[in-house]
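First, one chain by itself: the form predicted alone, in structure tokens.
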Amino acid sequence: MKKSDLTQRQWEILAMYDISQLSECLRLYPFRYEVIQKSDEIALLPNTNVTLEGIITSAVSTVRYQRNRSVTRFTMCTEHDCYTISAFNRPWFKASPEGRVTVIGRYEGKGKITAANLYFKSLAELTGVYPVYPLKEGVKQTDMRKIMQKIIINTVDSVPDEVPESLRNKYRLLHRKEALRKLHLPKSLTDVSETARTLKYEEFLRFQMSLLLKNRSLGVGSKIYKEFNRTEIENFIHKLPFPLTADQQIAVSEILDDMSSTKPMMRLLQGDVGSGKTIVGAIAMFAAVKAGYQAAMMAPTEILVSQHVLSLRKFFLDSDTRVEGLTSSLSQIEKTRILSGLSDGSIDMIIGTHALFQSGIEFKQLGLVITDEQHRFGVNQRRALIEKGADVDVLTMSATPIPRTLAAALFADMDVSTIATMPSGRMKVQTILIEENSIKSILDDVLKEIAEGNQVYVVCPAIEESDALQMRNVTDIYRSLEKVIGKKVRMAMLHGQLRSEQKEKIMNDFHQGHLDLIVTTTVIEVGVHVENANIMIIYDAYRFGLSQLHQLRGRIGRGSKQGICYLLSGQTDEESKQRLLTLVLSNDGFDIAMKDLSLRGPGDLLGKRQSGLPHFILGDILADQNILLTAKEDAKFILDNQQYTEYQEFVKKMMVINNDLNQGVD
């Protein structure tokens, strides 16, 4: 098929979908199907869809109301009954000469039908399964169907298979060209089912191969095992001011086993907010140092770097372990001092932001890399740090927990440790939904909490006012609160556009109790720990994902007092309310993450930048877990058995795709 086979208008439509090549059209999938078949008139129920063919037996009348609004009514009789048809905004509709019409719409009961579509074709001509495509403004379904029909008919026969033949035969999958034909031009719902199974597997296999290739590039081959005295590690753990939970103990054991093996560790440590992942990471760093190596931890914000440095120095107060932090805001003298300590080995542990993987930084013997909140770092960024050592183990940490089997499937070549239990004594945050986007009704309670020594986060979805998006912003909320309570409360505002030193000062002042309240964006979402911060107020709560809201409220109630999180939302629709009530009713991060996953998709939840995780077009990682897990095992088998020609070709193709994608990973 040539480009010229499509009209100028059709190319203009495809351009709206960011499509410039015919081959790209093959991934423009329908999102559902419309089935047209005759309804059983005897079984019609009110408020159900209906499709009937009949004869118009009355005059067609049109009544206009308001501006450009109208309703057209007529009576249609079938062989069994007569119906009053109402069609809105169809002023052009006139009865055909023979009076025959096919009506598709909703049966209202008592012989009344509200028409969605009217056709002068017979029902026999219309019966079938029709793809429904996502539409851009000004584009009709008929436009998209004509375009895709023309493309499929003229190009699909030349489409090669992507799945290796042995796997396609094993699972009785369709050839790709046949799957695409049935996807876009189905003759029945059976066609749709067959093609969905084929394309879901193909999609998942491509995804699993992509992850495996990326992760294996981070930890290829073998390493020298790390030798440390486990008794010394256990003594360190026993001296901690708190006991480890059972899950923490298991995670530590799994990590130490990995580090003492000859296979590079690629492990994901996942756990709910406040479950104690940081101390598990600290124990791993201690083991690396005792084995004669240096350890590096990447954190996404300078605030979190400072916090980790302070925490680790407390943990290692009784040892000669040297812990430093590296951020871009340090003075050149400080940076030079730290770089020197890393290269000569006098610094044992380094915590840093993106500054850590700059080319000028050299380690004497880097042996462990930990990424905190791993979805905030790209694959190439992690690789740049890992390649600074020869025998590097990798531990990634995530506070977005999902069931272990699903995590194992989504994170491909990584082993998974899960901390499901919370440390003893940690109270659950009380969450209250306020069904208005205003602080007025709770302001007196907030002032009372501040008077009792509690500190407050006020979270807004935006920094400044925007005409495009009507949402509460930090600047306006801060100004309005300053007018009302500024003389009673020590306040500041915090957001990502402030200079690093400004953010550091505000958070340090808040941490030390010099501020009572900060109005902030989600910059405080990750890891910030303030003992007396027990109140959080979130404006426009419906705009945030459930997991993000859970992460945010995890910043409060981290001491001995009860944390209270107020969700402010003026949205009246039931769906938004029920979604926010999930937070009111549950403090379980696993349940919340799964709910978020079903609502928002994996790309939003787990972070595209870290995993290459797409919004799967057909695959559903919840409903199709079996296919996802099967694809993971098959991807591993393919990589481990490249002596077979078909696997070699598939891996080469995937490596080309991966290299293209990696150009924009960071």
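Everything numeric in this text was worked out from a predicted model, so none of it was measured. All residue numbers refer to positions in the sequence shown, first residue = 1.
Just so you know, the form predicted together with a small molecule exists too; it's not on screen, but the next bit is about it.
Between the small molecule and the residues 76, 323, 144, 273, the one pair within 4.5 Å by heavy atoms in the model of the complex involves 273. For the options 417, 278, 400, 294, the one in contact with the small molecule in the model of the complex, meaning a heavy atom within 4.5 Å, is 278. Heavy atoms within 4.5 Å of the small molecule in the model of the complex map, among the stretches 330-338, 226-234, 164-172, 243-251, onto 243-251 alone. The closest non-hydrogen atom of residue 106 lies beyond 4.5 Å of the small molecule in the model of the complex. When contacts are judged by a 4.5 Å heavy atom cut-off, residue 383 does not count as touching the small molecule in the model of the complex. Among residues of the shown chain, residue 496 is not one whose heavy atoms approach the small molecule to within 4.5 Å in the model of the complex. At a distance threshold of 4.5 angstroms between non-hydrogen atoms, residue 503 is out of contact with the small molecule in the model of the complex.
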